[in-house]
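In structure tokens, the next block holds one chain alone, the form predicted alone.
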Amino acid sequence: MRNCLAVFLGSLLFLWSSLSLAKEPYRIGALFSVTGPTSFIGDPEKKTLEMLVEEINRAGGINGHPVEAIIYDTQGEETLAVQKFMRLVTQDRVLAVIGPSRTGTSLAVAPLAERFRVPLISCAAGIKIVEPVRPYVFKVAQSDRLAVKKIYAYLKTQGLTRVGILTVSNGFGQSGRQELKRLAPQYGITLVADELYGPKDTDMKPQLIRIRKAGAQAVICWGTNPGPAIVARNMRELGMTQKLIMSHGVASRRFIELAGKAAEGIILPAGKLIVAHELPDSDPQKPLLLSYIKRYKARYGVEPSSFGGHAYDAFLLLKEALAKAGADRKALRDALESLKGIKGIHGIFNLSPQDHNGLSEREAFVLVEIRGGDFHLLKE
């Protein structure tokens, strides 16, 4: 009887201790294009964040604080992104926001992040999101400027200097077009054609015919699905043999599915994730990349895409900052800006007051070629 009483009192003491030590959750928000035309970007981002939150809570949270993630679907629309951001900040009272998925939606909410002084970690590529630097706005996706440099350096090695560009008329395309035009002279590239297409266009043959007539040796298409897949098929239909280069906006197997055989031979800059198994063992990111692929596949039955990796990196940075700063938005912002040497999916992040992306050209991208219906590392 005495032993039973001791066990009962011990259990009661343990329960009381556990309750007294329970800490308030760190509530974070996220905005992803989970549905709509760019769901191939936002859906893996959402799934990745949910997986990471589950994992960290099972491991005891951040300094004992569980993490609560409130995720809203922007459908890739600027107006909806603004509405959901306001809800996260004024009603849900989150400490920070991860996302949005696209450049346009990120630029739409960036002024609100500044106004309400809420740290925002965008998952989009447009350099304009962090240039000029806004105190509360960060981003993890590799900037289009780094992608353009990678492409132009490759074309230079191939002796291809007369280039036609075909960019989509949205935030991602406008930012990429600006960098393509600005950096061309530095690499000895002459842009012989500068064509645009709409996000919902279904036939780009007129623009491609003009590019061919201009004498382009290579075509650079800048956009996200489905437009680039149509461009690839249109070039095949026209019998064009010029080298076709895509942006990192198509670095997912969804593009290969849409373009079919027309995807063969296309080259693009991409994060290392899609060719992780082909990387040398000496690559400092390889263990994390393989671990992410294994965990995501076990959770969802498919391999993650590069876009899911952006959500991974955003949560990784936020977790580090929360561990340092706790539940204070200003301290959290300061902690984010001071992070150094954080090994992520898409590079090693070194943030500073002058750089709210923190990725270097050397690590951010590799060149990949589509062969046999899959991405393969292109030796440079």
Partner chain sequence: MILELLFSGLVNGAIYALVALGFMIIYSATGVINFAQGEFVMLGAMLTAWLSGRGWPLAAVLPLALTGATLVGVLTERLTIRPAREASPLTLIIITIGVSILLKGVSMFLWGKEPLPVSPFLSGPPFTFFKAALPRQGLLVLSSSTLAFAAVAVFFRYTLWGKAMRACAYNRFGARILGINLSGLTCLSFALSAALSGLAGIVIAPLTFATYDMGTMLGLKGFSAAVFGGLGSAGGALLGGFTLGVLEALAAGYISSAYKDALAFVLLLAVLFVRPEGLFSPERVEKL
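Bear in mind that the values here come from a model prediction, so they are computed numbers and not experimental data. Numbering follows the first chain given and starts at 1.
Beyond what is shown, the protein has a form predicted in complex with the partner chain; the following relates to that form.
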Checked K213, K156, K181, K294 for heavy atoms within 4.5 Å of the partner chain in the model of the complex; positive is K213
In the model of the complex, the residue from R254, K128, K243, R145 with a non-hydrogen atom within 4.5 Å of the partner chain is R254
Stretch in contact, per heavy atom within 4.5 angstroms of the partner chain in the model of the complex, of 204-212, 114-122, 75-83, 88-96:
204-212
In the model of the complex, K150 touching the partner chain (heavy atom, 4.5 Å):
no
Answer for D283 alone: is it within 4.5 Å of the partner chain in the model of the complex, judged on heavy atom distances?
no
Do N170 and the partner chain come within 4.5 Å of each other in the model of the complex, heavy atoms counted?
no
Taking 4.5 angstroms as the cut-off for heavy atoms, does A108 touch the partner chain in the model of the complex?
no
Could you pull out the residues of 306-337 that have any heavy atom within 4.5 Å of the partner chain in the model of the complex?
none
